[in-house]
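Below, in structure tokens: the form predicted alone, a single chain.
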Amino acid sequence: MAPKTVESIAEATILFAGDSGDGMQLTGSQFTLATAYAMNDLATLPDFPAEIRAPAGTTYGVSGFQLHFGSVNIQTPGDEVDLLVAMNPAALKVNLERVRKGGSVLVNTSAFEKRSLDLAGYEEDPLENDSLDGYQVIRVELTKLTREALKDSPLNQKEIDRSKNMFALGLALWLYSRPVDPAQRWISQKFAKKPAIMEANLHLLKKGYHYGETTEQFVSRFEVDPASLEPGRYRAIQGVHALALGLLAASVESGLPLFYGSYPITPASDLLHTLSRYKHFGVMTFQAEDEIAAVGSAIGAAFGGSLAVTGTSGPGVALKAEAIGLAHIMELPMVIVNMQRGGPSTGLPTKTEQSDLLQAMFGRNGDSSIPIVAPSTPGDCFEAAYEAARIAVTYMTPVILLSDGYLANGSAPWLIPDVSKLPPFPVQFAKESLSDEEFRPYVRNKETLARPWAKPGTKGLEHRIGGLEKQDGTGNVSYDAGNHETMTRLREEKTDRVARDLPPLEVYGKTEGDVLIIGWGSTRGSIEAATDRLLAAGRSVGAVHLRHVNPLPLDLKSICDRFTHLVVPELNNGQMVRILRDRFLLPFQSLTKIQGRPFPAGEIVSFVESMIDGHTDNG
């Protein structure tokens, strides 16, 4: 057999797809780990089915894991897929449109029998007609090869068939010249107490790797050089884990015990699971019986002097709304994490979206403006969580942290920060009073307008607390009309003053020109990737990204004034664009996508080019 050639490429996008029971998330995460060891830049997009136990072989039970990696700057999980690994017909049908023309499709031909084709909705076998013309089809009998490799294994047939993902992983690692050692170590540790399963998976991993070397279907393999990253110590991190570490760092730096009260909901449940592992840092996690109890427990923790956090998704925020208003009028520090998903109602529970922005801004009764912070990358979840906690404690206010499913589940290289350089986190509790003078719980700090944080039980600091309007200064119940207006304006002014603390916005690309692309949250990677392409094409384009959504940065207006056109890409039906139009009375144009997936950078490029060339109407 002729030796395989090695083709050097700058980047690639691979998508593993199959039934929920095929282990696609595990396969993708292990390929990601190997890619991190290969020192490539990367971005991932896990894609979960909404059905908990969808019938095997159906399109709505397909689970996927997409990974974009390379030696270049990787900002998105990839617009188009170079290699789709389809474990069954349903996985092929759901994901073929994501594969670029000329790309490769590796199919488990063992699964392409009549029943599976019927379940996937195929009237005829796509491997036998012209529907895959234009793609490089790689036919591998994964199930058959797995059974042959494990014919002497003590595992039963079901356990053997479930292991075929390790054969696929080994083959993919060979094809892209990834190290196999990380997966071998993981298998050995994971199944250390189940030696039969451990040996079977290790054997299949090697078999898949060697299959690539020996089969005649591949005449070459690919190699991706290490990326040129900023010097430092890195780890591949999921957004939900970075968020947990950011809250933990805020707890350590402030000296406040971290309390997290939550009720399980996709995709926020993993934050509860992650924080529960840090009991040795004094973290207290509480799984409540419902969303209202969860936020109520966090309010109690804030009153008691803890760094209080509650987390959920959009439906849970709706249930927490009244209690968030209670925290607002009591002026207690608390972080409310909203990992956004497709809505309304149950909507698309496992898909990403940015459709809760207006809910975060206005979804409470009365005038109740509170700060909103939105992370932009999986790694940025750390800094955004720390920042949300800092604002909450500094200004004595609830803060909403708007993450989303893509950031929560996605992974990227994260430069582990120097904790000594984290922003200061001063905490001051009201001191014990030794005089007979009555404590005034709503006397404010002149700079921040924050009221004193009085721990219950501290001598001399007894005061009334609750949801009724407070009298300015004393905190007594007040129904006075003028006082209500004063207090409402003071609470809003307190939120507005957060803008004084914000650093100047950084403009990516041109600092003035034809088009400014304005983004917030998880659209950052797509926007900056699009900006790079537009700049390379000679377009005069810049981009600015908003971590602080409320209040808006003070210099945003002056930056907008330096550009002819303003465009706002969002994963919703145009929510931030409404806020910006209202605030600045400028002709912001809306670019929206509501499909449960991140923006492809190419869509932004096409829209901006049409705008510059005069073919786009204001949306």
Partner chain sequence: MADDKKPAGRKPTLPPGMKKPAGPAVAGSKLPPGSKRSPGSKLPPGKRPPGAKRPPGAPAGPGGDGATALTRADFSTDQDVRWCPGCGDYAILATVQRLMPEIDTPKENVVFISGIGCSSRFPYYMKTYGMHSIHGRAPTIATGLKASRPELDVWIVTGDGDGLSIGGNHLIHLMRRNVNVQLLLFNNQIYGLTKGQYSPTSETGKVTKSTPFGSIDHPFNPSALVLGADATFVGRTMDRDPKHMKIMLRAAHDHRGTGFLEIYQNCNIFNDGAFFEYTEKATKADRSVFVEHGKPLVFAGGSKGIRVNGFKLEEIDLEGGKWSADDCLIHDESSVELAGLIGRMFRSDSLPQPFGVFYRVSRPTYEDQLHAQIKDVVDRRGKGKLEELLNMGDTWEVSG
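Every value quoted in this text rests on a predicted model; they were computed, and no experiment measured them. Residue numbers count along the first chain shown, from 1.
One more form of this protein, predicted together with the partner chain, exists but is not displayed; see below.
Visitor: Taking the partner chain as it sits in the predicted complex, is residue 419 in contact with it (heavy atom to heavy atom, 4.5 Å or less)?
Guide: Residue 419: yes, in contact with the partner chain in the predicted complex.
Visitor: How about residue 113 - does it come within 4.5 Å of the partner chain in the predicted complex, if we only consider non-hydrogen atoms?
Guide: Residue-level check for residue 113: no, no contact with the partner chain.
Visitor: With the partner left out here, check for me: in the predicted complex, does some heavy atom of residue 230 sit within 4.5 Å of the partner chain?
Guide: Contact with the partner chain, yes.
Visitor: Residue-level contact is defined here as any heavy atom of the residue lying within 4.5 Å of the partner chain in the predicted complex; does residue 39 satisfy this criterion?
Guide: Residue-level check for residue 39: yes, a contact with the partner chain.
Visitor: Sort through 191, 281, 222, 135 and report the residue having a heavy atom within 4.5 Å of the partner chain in the predicted complex.
Guide: The option sitting close enough to the partner is 281.
Visitor: Out of 520, 167, 382, 176, which one falls within 4.5 Å of the partner chain in the predicted complex, going by heavy atoms?
Guide: Selected residue: 382.
Visitor: Of these, 487-495, 146-154, 507-515, 299-307, which stretch puts a heavy atom within 4.5 angstroms of the partner chain in the predicted complex?
Guide: Answer to the contact question: 299-307.
Visitor: 287, 332 and 458 - do all three of these have some heavy atom no more than 4.5 Å from the partner chain in the predicted complex?
Guide: Answer is yes for this spot.
Visitor: Within 186-217, which residues come within 4.5 Å of the partner chain in the predicted complex, counting heavy atoms only?
Guide: The stretch does not touch the partner at all.
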